[in-house]
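A single chain comes next, written as structure tokens; it is the form predicted on its own.
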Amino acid sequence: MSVRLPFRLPPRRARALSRAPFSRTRRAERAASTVTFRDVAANEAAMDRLRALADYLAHPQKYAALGARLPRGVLLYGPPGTGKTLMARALAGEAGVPFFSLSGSDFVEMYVGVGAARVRELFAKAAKAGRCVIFIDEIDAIGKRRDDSSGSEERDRTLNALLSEMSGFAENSGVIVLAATNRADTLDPALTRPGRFDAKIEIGLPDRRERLDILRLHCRKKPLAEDVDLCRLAADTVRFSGASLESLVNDAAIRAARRGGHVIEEDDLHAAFVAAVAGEDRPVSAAREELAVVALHEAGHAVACRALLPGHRIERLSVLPTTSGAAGYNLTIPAERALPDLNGLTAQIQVLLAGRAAEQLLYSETNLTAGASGDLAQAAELASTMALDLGMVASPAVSLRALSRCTGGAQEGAALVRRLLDDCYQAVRLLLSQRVAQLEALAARLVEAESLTGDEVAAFFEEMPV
């Protein structure tokens, strides 16, 4: 077996390459950020901590007089699209200091020594600038946990250079290093120990009030019709990130311009929301028999959701195929809960399995369709999280263990996941068998209309209770 070793450049050549025209290191040239805290909405707890850092950058002598030492490194972590880069820029803009920005992948090259050279060059520029903000996005590209079994020599060299540079600059020098990641749990302990990135700020998904603030921020320079209800949109966009909300508003503006409108209408925002969640509707091309099966599948989801998740709201029910590849969809606005419980999560699994259960109950016991593939994948993932990570299983012997972290727990956990899925499927099938008339009537109405609004679905359940 042959092993290819990385090509090693002489130090002088490595430094020259790091400054080559094609190198993305040029993005780290001194720049002034025009973004301030006024351009950021939501995550108030995180913003308060960044305001303290901005005050330090603007008035370092106030802190030095009291012997206070500010963190050398600040780690911003959270889901994608929550505004980590925006907040870093806002910190520099608010404090009025230079901003140096690089991505972790900018340090990674096939040539050994280039990444470390770029790290040293970046910190040298920051030292010349004096008070400044260094921002490293996607730091997990170079800062993943190291072990003896795997790893990259070049990545290790780059990480060691970063650790050395962060330990090297003086306390209260006015240089603050910010880094962002979506997976803080994968970072090397040497990177997060005191003296490095010892301050950690979570940037989470916005809640309903914060989503309203974000929508107002992105709509402040856009003409809205008088009947636009941003409060309703904020309630509908559960689990949307700030970037997702900005994209939604922009899509609505494009739709308004495309139809020749002068303002953004409520319909534009609603169409953009549906497209973001389910994809764009396409004309029906399925045969009548296939359409009936799709309608029965989606009706199964709706009936189960109505019975098991009363806090959820069905926004749209459709048998129209979408650009996302779905043959139909049940667009449901989930209840916003900070702490999901066993009953709620079990009900979610049952609703996910209700489409397949409806097909098997009323269409065919043996000739099943492929329409439930996405539902089954989501149900298995949720059941796996409940059994392996949360200890939400019936057996007292394992309910207090996270089996995913136990040696030898994989086999035991797989059996628990399988049993949980089987129990949920049998329960939702029994539920639907007690609501056959309701299920058939909703499927027939869906075939006729092709799509039903949330109000139409609610009216149907009022007309035809169990």
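Computed from a predicted structure; not experimentally measured. For every residue, the number given is its place in the sequence shown, counted from 1.
Not pictured, yet referred to below: the form predicted together with a small molecule.
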| property | result |
| --- | --- |
| Option from 48-56, 435-443, 35-43, 420-428 whose residues, in the predicted complex, bring a heavy atom within 4.5 Å of the small molecule | 35-43 |
| Answer option from 246, 290, 266, 315, heavy atom within 4.5 Å of the small molecule in the predicted complex | 246 |
| Proximity to the small molecule in the predicted complex, single hit among 195, 223, 79, 130 (heavy atom within 4.5 Å) | 79 |
| 303, 449 and 451 each touching the small molecule in the predicted complex (heavy atom, 4.5 Å) | no |
| Distance check, residue 173 to the small molecule in the predicted complex, heavy atom within 4.5 Å | no |
| Contact flag, residue 103 vs the small molecule in the predicted complex, heavy atom cut 4.5 Å | no |
| 4.5 Å heavy atom contact, residue 85 to the small molecule in the predicted complex | yes |
| Residue 238: touches the small molecule in the predicted complex, heavy atom cutoff 4.5 angstroms | no |
